[in-house]
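Shown here is one chain on its own, the form predicted alone, set out as structure tokens.
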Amino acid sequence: MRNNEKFTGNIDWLSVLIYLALVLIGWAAIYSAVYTEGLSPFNTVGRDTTVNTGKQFQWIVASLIIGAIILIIDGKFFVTFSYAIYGIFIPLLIGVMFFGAISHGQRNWIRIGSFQMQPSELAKFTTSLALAKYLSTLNIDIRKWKDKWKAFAIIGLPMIIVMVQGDAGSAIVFVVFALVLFREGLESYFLIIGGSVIFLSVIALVTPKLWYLWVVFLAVAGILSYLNFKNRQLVYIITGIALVASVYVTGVNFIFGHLKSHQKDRINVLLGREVEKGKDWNIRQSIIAIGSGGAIGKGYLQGTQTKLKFVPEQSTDFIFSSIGEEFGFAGSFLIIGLFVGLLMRLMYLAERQRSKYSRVYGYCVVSILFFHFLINIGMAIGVAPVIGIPLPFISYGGSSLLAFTLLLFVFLRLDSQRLEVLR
């Protein structure tokens, strides 16, 4: 049994302090985003839970309590029950599609009275546990195809369920687990294939006539085949790649044509295409709000874009625009600095683990936080698609705050026991 001094000494308190700083900044930003004359944060803390600040405060308290409980649970618990937690959660994800509450046109919420939660946020945590458990199992080698497919299945199952629920943004997040697989030895040609898929997807969407691409692919394949005509195997490979590329860009255009109108608008806005008036309102107003902040901002509670509600979802998806307007470049730089500092710290912690389970889980946490951080801020400044994912620890939302807290504090608990054998 550990004494308290040894216990507290092993926790990485720097990560905890950064976490607390981000959570408090987030709560202050949420209050600013919903602020109206006469609204006091102290009145909303314990009494008016219909206001976002009151709801978020309750979630912050709950998350801190849960985080503290995690820090006193033996890390072996999470190692032992990783598959069980994942296995229990998959039926819950499926069930919510049939019995869940509807919000923003999607049936993916659990609602009991005034309490509601989005299971897709917690799915990232349970998938991290299961993936870490699988990759740390003896004789598992991610370079073997039979082991690859099982890892892909662990990631893909919840991803597909969340996609079917209609939450494409949360589903896309699961792709970032590929970074963990690369860290554990996944071959580099998967990275090349992934990069090629992204490149082909972009040129398929920006090229005005699809047959232009077919001509280019066939011409390049013809030239390369002529230069290597003596090597028949290489010629077959080149021809096959050209045909696959042609079929793929055709498929991209077909899928794009069958997307929902709001999904098409988000892609068109990102590509700089003309859209109907008002379709790019969110991004334009977000960019205006951030730009108007200047070097040091307009001051707390003084943001005109924020106060006049020009930016929709300004306490959730676009909360970074509120921070940029009121605190300017200095405040934005502070937020980015805190996130970068946290990510670098967690990478350091992951690399020092003796347990493969802890290392893999640590990189799952880093990858998820990095993706959310990168895309959310990219959304706010107009360089990433608007896919509706929160800024970790800062955006309003109890489900996301709880999920990120679980992700982080479980890893900190595992790190505190890095000198022990965790199996």
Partner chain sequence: MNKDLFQNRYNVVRIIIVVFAAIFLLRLAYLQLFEKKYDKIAFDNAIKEVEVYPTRGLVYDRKGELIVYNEAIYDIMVTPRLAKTADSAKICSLLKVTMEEYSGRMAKARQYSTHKPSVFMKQVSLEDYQRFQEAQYLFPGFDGQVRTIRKYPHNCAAVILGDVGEVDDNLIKSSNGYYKPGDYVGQSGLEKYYEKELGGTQGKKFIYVDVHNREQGSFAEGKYDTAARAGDNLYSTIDIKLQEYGEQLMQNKKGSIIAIEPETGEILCMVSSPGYDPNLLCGAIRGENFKKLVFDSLKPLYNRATLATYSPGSTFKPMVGLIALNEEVQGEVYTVPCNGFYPFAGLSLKCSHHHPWATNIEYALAQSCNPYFWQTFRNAIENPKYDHIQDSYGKWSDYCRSFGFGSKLGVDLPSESRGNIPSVNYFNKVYGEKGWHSSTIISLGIGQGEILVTPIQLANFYAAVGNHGWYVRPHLVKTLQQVHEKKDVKPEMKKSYATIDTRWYVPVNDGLRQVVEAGTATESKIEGISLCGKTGTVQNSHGDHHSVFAGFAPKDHPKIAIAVIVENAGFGATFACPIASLMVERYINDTVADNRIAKQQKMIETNLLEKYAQGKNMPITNGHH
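Positions refer to the first chain, counted from 1. The structure displayed is predicted, hence computed values, not measured ones.
There is also a form predicted together with the partner chain; it is not shown, and the following applies to it.
Student: Among 118-126, 291-299, 248-256, 218-226, which stretch sits within 4.5 Å of the partner chain in the model of the complex, heavy atoms only?
Tutor: One stretch meets the cut-off, namely 291-299.
Student: The partner chain isn't shown here, but in the model of the complex which of 102, 88, 340, 193 has a heavy atom within 4.5 Å of it?
Tutor: Here the answer is residue option 340.
Student: With the partner chain left out of view, choose which of 164, 237, 186, 172 has a non-hydrogen atom within 4.5 angstroms of it in the model of the complex.
Tutor: Exactly one listed residue reaches within 4.5 Å, namely 186.
Student: For the partner chain, considered in the model of the complex: do all three of 281, 304 and 381 come within 4.5 Å of it, counting heavy atoms only?
Tutor: Yes, each of 281, 304 and 381 comes within 4.5 Å of the partner chain in the model of the complex.
Student: With heavy atoms only and a cut-off of 4.5 Å, decide whether residue 320 touches the partner chain in the model of the complex.
Tutor: Judged by the heavy-atom cut-off of 4.5 Å, residue 320 is in contact with the partner chain in the model of the complex.
Student: Tell me, yes or no, whether residue 59 is in contact with the partner chain in the model of the complex, where a contact means a heavy atom of each within 4.5 Å.
Tutor: Result no; residue 59 lies far from the partner chain in the model of the complex.
Student: Is the gap between residue 393 and the partner chain in the model of the complex 4.5 Å or less for some heavy atom pair?
Tutor: No, no contact at 4.5 Å.
Student: Heavy atom to heavy atom, is residue 328 within 4.5 Å of the partner chain in the model of the complex?
Tutor: Yes, residue 328 sits close enough to the partner chain in the model of the complex that at least one of its heavy atoms falls within 4.5 Å.
Student: For a quick check, can you give me the residues of 318-350 that have a heavy atom within 4.5 Å of the partner chain in the model of the complex?
Tutor: In sequence order, 320, 324, 328, 329, 332, 333, 336, 340, 343, 344, 347, 348 come within 4.5 Å of the partner.
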